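First, one chain by itself in structure tokens, the form predicted on its own.
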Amino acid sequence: MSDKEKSTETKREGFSTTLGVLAATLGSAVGLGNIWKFPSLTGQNGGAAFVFVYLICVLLIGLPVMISEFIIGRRAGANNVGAFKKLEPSPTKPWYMTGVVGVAAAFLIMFFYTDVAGWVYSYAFKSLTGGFSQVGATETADVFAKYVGSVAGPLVWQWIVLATISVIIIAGVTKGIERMTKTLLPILLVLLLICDIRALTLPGAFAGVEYLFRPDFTKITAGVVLAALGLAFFKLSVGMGTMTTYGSYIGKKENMPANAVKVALSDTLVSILAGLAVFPAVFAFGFQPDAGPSLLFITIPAVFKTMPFGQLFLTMFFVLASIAATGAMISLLEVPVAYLTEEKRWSRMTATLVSAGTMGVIGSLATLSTSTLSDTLVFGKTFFDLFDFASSNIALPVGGILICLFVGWKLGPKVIMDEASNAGALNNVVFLKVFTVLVRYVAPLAILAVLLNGLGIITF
């Protein structure tokens, strides 16, 4: 190896500790999907029955895809596009397009996710400064409608979100991503547990616990299964290049499969804890558990306003939601930044500012979809819905299928065993044999069903 190659290699950062690996990858998986989407979809799809199906989807589909991304990233030691180029350099076999799909998905998600994160940041600030003190429980819908229907406020908060994430990314992998996630995750868990304790001590709270944990299997339909599968895929941050990018920062001695299992189980635990913070309170005060996306911004403020010390717990809830959103966005912004710094040789600061700027400019179309651009439709959808649909229904499933095919068939069992067992140092042969079957057959077919259903080609 030449001196130049050695110099280039030493410049590439990585996670410094096992805890750093777990914190960063869990920080990517834990996002608004846990605090917002999981309770929302659980409420809309039958409660505990949906949770049961979701857990199966995590184990059979979400976890195999996550491990696959880790294998690709660590094996190549490169960004989401460069990893595929390195593992399959032949120009006649353009597997690198899988990485391109991941980068595109990260942008598409950030276009609308930063908008929703801006709402969360705004509500956290409003709660901290007492902005909800004069808002009655019946007025929360009007407050939310007025906010999202405005122009300046949502745009300003979206850029505040992007500026916050950019500062962390510019600091680097170890001093930025790893340090921040190791700091934020414990705070999130403590706040979530406090909200759980308060919700569970409310009169009538047991009805919410029962709703979350006592399954009615008559509620399970093909549509519920697909909703659970889609949520498992989205919540674990797979198919969008984040886990491949983070996998490239994982050391060769780390137990990747074990870390992936820990992330999947911990992410699920956070979702359950979020459900315990939401449903007992919702039932205790007679609100509807199937309120859908408005659950976070309308129902939750109304619920917390009704309970004793509601202002305090409302503040805690939106602060923890802001933390969850931040961890997820850090990983999403890192995907294009890693690509630009390694493939285009840009500085980390330039890559971050250009990526964040692009997300802000195009993402403003999503932000304005609830105000001045509400009547502007593309393919029958607002810009917000278009970005959501293109990422969730097209880019993520396509990326997930290609990742499974690449690892399961292109790299194959020998590479899987070598990389995921640390060249035989780990005693996990049986686990990896099961994983190989899942990633070759079960996961791609299940994700294909989600793709076809999302495109309306097949309906359930």
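Take the two forms, superpose them, and find the largest set of C-alpha atoms that agree within 1.5 Å; that set is the rigid core. Since the structure is predicted, the reported quantities are computational estimates derived from the model, not experimental observations. Note that residue numbering begins at 1 and tracks the sequence as displayed.
Quick note: we don't show the form predicted in complex with ligand PFF, though the next part is all about it.
- Of the listed positions (Ala328, Ala228, Val263, Ala321), a single one reaches within 4.5 angstroms of ligand PFF by any non-hydrogen atom in the predicted bound form, namely Ala328.
- Note on the partner interface in the predicted bound form: the residue among Ala274, Leu332, Val337, Ala117 having a heavy atom within 4.5 angstroms of ligand PFF is Leu332.
- Looking at Gly62, you'd find every heavy atom of it more than 4.5 angstroms from ligand PFF in the predicted bound form.
- Using a 4.5 angstroms threshold between heavy atoms, Lys235 counts as touching ligand PFF in the predicted bound form.
- Contact between Phe304 and ligand PFF in the predicted bound form is not found at the 4.5 Å heavy atom cutoff.
- Using a 4.5 angstroms limit between non-hydrogen atoms, Val53 is distant from ligand PFF in the predicted bound form.
- Figure note: of the listed segments 427 to 435, 31 to 39, 413 to 421, 399 to 407, the one touching ligand PFF in the predicted bound form, with heavy atoms no more than 4.5 Å away, is 31 to 39.
- Along 102 to 121, a non-hydrogen atom within 4.5 Å of ligand PFF in the predicted bound form is carried by Ile109, Tyr113, in order along the sequence.
- Core-superposed comparison between the shown form and the other one: the C-alpha position of Gly82 differs by less than 2 Å.
- Core-aligned CA deviation for Gly230 between the shown form and the other one: 2 Å or greater.
- For Tyr54, a C-alpha deviation of 2 angstroms or more is recorded between the shown form and the other one after rigid-core alignment.
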